[in-house]
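Single chain ahead, written as structure tokens, the form predicted alone.
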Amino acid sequence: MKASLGRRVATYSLAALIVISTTLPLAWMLISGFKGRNEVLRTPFQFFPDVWMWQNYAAILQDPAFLQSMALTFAGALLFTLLSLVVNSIAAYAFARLDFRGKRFWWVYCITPMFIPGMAILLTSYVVVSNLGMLNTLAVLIIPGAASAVQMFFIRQFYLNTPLAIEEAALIDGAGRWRIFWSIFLPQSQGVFVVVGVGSFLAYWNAYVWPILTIQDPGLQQIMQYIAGFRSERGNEWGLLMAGSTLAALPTILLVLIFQRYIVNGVRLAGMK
């Protein structure tokens, strides 16, 4: 009894420590958005401001460049997520259920990028999109990263768990491969699609190096470019910077909070075999 109580106390203490360590930086960023320019980095450290400056958030929300970059990034993230789901789910179904010549070779070929750091192919990727005339377009942010080896592998693992008898019965009834994919596999893919979709959205939203490298048009500036540019141009206005960073992080935080139950279930189901 005492050992069980001790384990529960240790578990809850560890959980509380993890929660505090992960939420404290977010809380500090949020509250720092209400501070003046000299209060954020004040020594000695002060968590709460002397005067709550609500105008910091109002000023950021009234900045046309901030609103435009948020809208463009949100629209691009939605398109990127949709394209990623379509491309990776179809490829995953093909590798999970179809038999074709060279299947093993092509599967190894497709998942090899999982083991190659993105920075290692950054310059070659830039040369490719430059030769294709994709620079300074929204397409350069969406198309190159839509096919993901990690997501393809994840969805394939989920499709491998679908009983083969269901697919064979559909084939006997005259259903084609596309009909089977559309009517059997897609309806049961909600959980895994949420995991992949949220991952794609976060990857696009948080991207910094690739947009900086491929987008120089201010009219296509992404939110991370805006934050980086704000820091370099107005770096001493820390309160405004923290307010902008908080608002930029808000969509991703809400997304994870809304879909957290589906994310946990999706990871659990995809890992079962």
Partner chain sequence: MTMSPQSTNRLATAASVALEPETTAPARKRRRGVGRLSTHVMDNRTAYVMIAPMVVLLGIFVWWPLLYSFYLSTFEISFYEEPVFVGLQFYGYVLEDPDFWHSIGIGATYVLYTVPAIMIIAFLVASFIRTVGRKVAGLLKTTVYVPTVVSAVITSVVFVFMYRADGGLINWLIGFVGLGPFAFLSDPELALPAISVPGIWLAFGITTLIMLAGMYDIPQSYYEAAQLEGANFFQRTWFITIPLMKNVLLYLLVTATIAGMQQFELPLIMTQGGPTNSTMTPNLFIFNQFKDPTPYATSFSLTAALILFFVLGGISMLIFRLIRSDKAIDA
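Residue numbers count along the first chain shown, from 1. In this text, the rigid core denotes the largest set of C-alpha atoms whose superposition between the two forms falls within 1.5 Å. What you are looking at is a predicted structure, and each value in this text was computed from that prediction instead of being measured.
In what follows, reference is made to the form predicted in complex with the partner chain, a form of this protein that is not presented.
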property	result
The single option of Leu186, Leu79, Ile166, Val128 touching the partner chain in the model of the complex, heavy atom within 4.5 Å	Val128
Contact at Ser4, Trp52 and Ala71 by the partner chain in the model of the complex, all three, heavy atom at most 4.5 Å	no
Contact flag, Arg37 vs the partner chain in the model of the complex, heavy atom cut 4.5 Å	no
The partner chain contact at Gln216 in the model of the complex, heavy atom, 4.5 Å	no
Met29: touches the partner chain in the model of the complex, heavy atom cutoff 4.5 angstroms	yes
Exercise: Leu220 in contact with the partner chain in the model of the complex, heavy atom 4.5 Å	no
Residues of stretch 142-162 in contact with the partner chain in the model of the complex (4.5 Å, non-hydrogen atom)	Ile142, Ile143, Pro144, Gly145, Ala146, Ala147, Ser148, Ala149, Val150, Gln151, Met152, Phe153, Phe154, Arg156, Gln157, Leu160, Asn161, Thr162
Post core alignment: Pro218 C-alpha displaced by 2 Å or more between this form and the one not shown	no
Core-aligned C-alpha movement of Asp63 between this form and the one not shown reaching 2 Å	no
Core-superposed comparison between this form and the one not shown, Val209 Cα displacement 2 Å or beyond	no
